[in-house]
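Next up is one chain by itself, shown in structure tokens, the form predicted alone.
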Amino acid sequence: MVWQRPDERQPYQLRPVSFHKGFTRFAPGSVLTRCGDTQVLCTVSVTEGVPKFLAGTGKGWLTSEYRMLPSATQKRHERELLKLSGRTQEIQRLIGRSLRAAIDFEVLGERTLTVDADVLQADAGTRTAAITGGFVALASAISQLLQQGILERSPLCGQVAAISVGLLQGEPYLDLNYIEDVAATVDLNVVMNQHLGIIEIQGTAEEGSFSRTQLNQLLDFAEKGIQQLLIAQREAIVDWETLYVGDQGSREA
């Protein structure tokens, strides 16, 4: 039996994706990211100084925080006040690791970029939406730093996007929604750069196992989806040609 997608998408088809830039007033970079019914507010703040382990090196840093609003899910999600869940810690570390791949920290200097991802509505794929939208917010923040003269050159040396894929009834599907995520026997989150190089893969078989052939099929689907997301990001960043300095980074000094 072939899995019938609830929203009638093709197996290789993304949900509608949009980036609403400037969604909040005070953050240098803010983007409301919509992936289907999943909505994540991604903001980027800039502070002078770096963690102690980087002090005096001349290099900057990027870190991330991830939270889910209580009403983001059908059943109220308890606020994480005194202690973060293992899931939350895992996701915010993933977001930080992924987006650090896009920054030349020598060009950034001793400043810290904080990416906050707040899930307003969850229909699966919140971590991948946070990474994809977080990159757009990051570009907006860097654009503002350049306009204000705080930075002389852009430290944006890469591009990063992420997507989920999974196996449903033995077949690969791209960009799972909640119903599909629950039903999937294999679930993968894939992060790639502008060259479709893999930054991170998080994958597990919810039951049983999966073959190398199936893994390759899932990665093929992920790659096609991320190609589309990279295009959507560039279209959302109006000064992309100015901001993106390519792989040379600080070597162009």
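Because the structure is a prediction, the values reported are computed rather than measured. Residue numbers run from 1 along the displayed sequence.
There is also a form predicted together with another copy of the chain; it is not shown, and the following applies to it.
Undergrad: Is Asp104 one of the residues lying within 4.5 Å of another copy of the chain in the model of the complex, judged by heavy atom distances?
TA: Looking in the model of the complex, residue contacts with another copy of the chain do not include Asp104, since no heavy atom lies within 4.5 Å.
Undergrad: Considering non-hydrogen atoms and a 4.5 Å limit, does another copy of the chain approach Asp116 in the model of the complex?
TA: Heavy-atom contact with another copy of the chain at 4.5 Å: present for Asp116.
Undergrad: Just to confirm, Leu41 within 4.5 Å of another copy of the chain in the model of the complex by heavy atoms?
TA: Answer yes; at least one heavy atom of Leu41 falls within 4.5 Å of another copy of the chain in the model of the complex.
Undergrad: Does any part of Thr204 reach within 4.5 Å of another copy of the chain in the model of the complex? Heavy atoms only, please.
TA: Looking in the model of the complex, residue contacts with another copy of the chain include Thr204, since a heavy atom lies within 4.5 Å.
Undergrad: Which among 108-116, 142-150, 155-163, 129-137 is in contact with another copy of the chain in the model of the complex, heavy atoms within 4.5 angstroms?
TA: Going by heavy atoms within 4.5 Å, the stretch is 108-116.
Undergrad: Counting any non-hydrogen atom inside 4.5 Å, which residue from Leu62, Ala27, Val50, Cys35 sits next to another copy of the chain in the model of the complex?
TA: Contact with another copy of the chain in the model of the complex is made by Ala27 alone.
Undergrad: Which of the residues spanning 90-104 lie within 4.5 Å of another copy of the chain in the model of the complex, based on heavy atoms?
TA: Stretch hits, in order: Glu90, Arg93, Arg97.
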